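The chain below stands alone and is given as structure tokens, in the form predicted alone.
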Amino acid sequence: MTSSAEDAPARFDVLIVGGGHAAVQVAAGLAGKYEGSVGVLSAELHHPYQRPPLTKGYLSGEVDEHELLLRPASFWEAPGVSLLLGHRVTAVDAEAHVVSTQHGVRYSYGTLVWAAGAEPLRIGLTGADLPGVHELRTLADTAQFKREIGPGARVVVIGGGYVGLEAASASVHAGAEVSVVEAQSRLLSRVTGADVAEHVRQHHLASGVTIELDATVVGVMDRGGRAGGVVLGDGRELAADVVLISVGIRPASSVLADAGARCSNGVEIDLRGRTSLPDVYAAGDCTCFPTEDGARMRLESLQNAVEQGDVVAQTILGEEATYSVVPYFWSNQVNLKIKTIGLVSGHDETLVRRGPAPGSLTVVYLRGGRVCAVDAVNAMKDYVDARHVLGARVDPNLVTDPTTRLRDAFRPEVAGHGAA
């Protein structure tokens, strides 16, 4: 249907959907270089902010709210980029190059960048909508949770991944009594190996956290109109004033899929960020991209969002850029600083070294005899060295000897490979 002049949608030459790291990185890459108009539609009411520090620093009080901003307010006041808050996109008409928001407002675009991120997985628990039940995806979510985890509060965290354990750590720090319920037989089953998982479990136990493994939650109990505990699959009840559901996220790709974009585990893109739709790019947690072995991968990481955002901005500007990933992750829990480089999935051998620092543990993961990932816990030197051994063959005796720098642990036949 043809619109009249009065109801014609506002137009941007580049329209970016999302308010996270990927969206802001695209906008920043275009600012001052791109001659057309750039619009950013964010579903939230806050200026774009950093997400990882929500559970890594903001919950514990180490990071203030104003420190979370990805760009100062002055960035959004400068000419060239328009930020529109409270605009959640609900439909994309790829043929007409128009998006629609939850309020029925429409915007047309020359080029669309889908950087909508991800949304929490929901497991259909009865009572999940009660006051006192939380998810930690936004600043507003996290601020409300933070207000409720004071001294004496009983907190149950459903999910033993990074976010859940970071929230558990912050809750203990705030004086709460904390239980973690994990359906798998160990913590961190998606992101790290068994040695690190057990190391982390022992430190949480020592801090006073109760951990239930191989346990499921079937419902949240109602006590006077708010959460009063959870019911486990074996019938036991855990009392709680605060319940956090943290069982993972899923890509926010359904709107683009409805528009005809090719989606599997996220929006499928090429190494330049292009989707299967004309004039539509995507970046960040909502995407899956091709790997060297012909498969597709989706990464939930700040680094992935930033680097893909850079590539999309450069491509829009007509520059040559392709995405090449060397992923890294980090987590702060209890008295542990965990840093990972590479991908643990698919490893077939592990080498463990224990350093002199309290809580220090480094695990080197091998796939086909070559280093595919390194976990460094309270071992900053090992993390710094890890990039130099990634992809290399290493001598197990040198790796497990904490007096040898990890960067010097190459096998003699390939000595010097990858060293700086």
Partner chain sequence: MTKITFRLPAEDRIVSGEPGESIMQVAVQANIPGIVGECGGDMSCATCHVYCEDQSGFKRISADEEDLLELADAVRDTSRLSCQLKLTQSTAEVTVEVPQ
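Note that the structure is predicted; figures quoted are calculated from it, not measured. Numbering follows the first chain given and starts at 1.
What comes next is about the form predicted together with the partner chain, which does not appear here.
In short, of 322 to 330, 176 to 184, 212 to 220, 243 to 251 it is 322 to 330 that has heavy atoms within 4.5 Å of the partner chain in the model of the complex. Within this chain, residue 34 is remote from the site of the partner chain in the model of the complex, having no heavy atom within 4.5 Å. Contact check for residue 381: a non-hydrogen atom falls within 4.5 Å of the partner chain in the model of the complex. The shortest heavy atom separation between residue 90 and the partner chain in the model of the complex exceeds 4.5 Å. Residue contact check for residue 44: none of its heavy atoms lie within 4.5 Å of the partner chain in the model of the complex. For the residues 56, 367, 393, 353, the 4.5 Å heavy atom test against the partner chain in the model of the complex is passed only by 56. The contact residue chosen from 154, 298, 134, 339 relative to the partner chain in the model of the complex is 339, the criterion being a non-hydrogen atom within 4.5 angstroms. In the model of the complex, 50, 56, 67, 69, 70, 71, 72, 75 are the residues of 49 to 87 with at least one heavy atom within 4.5 Å of the partner chain, listed from first to last.
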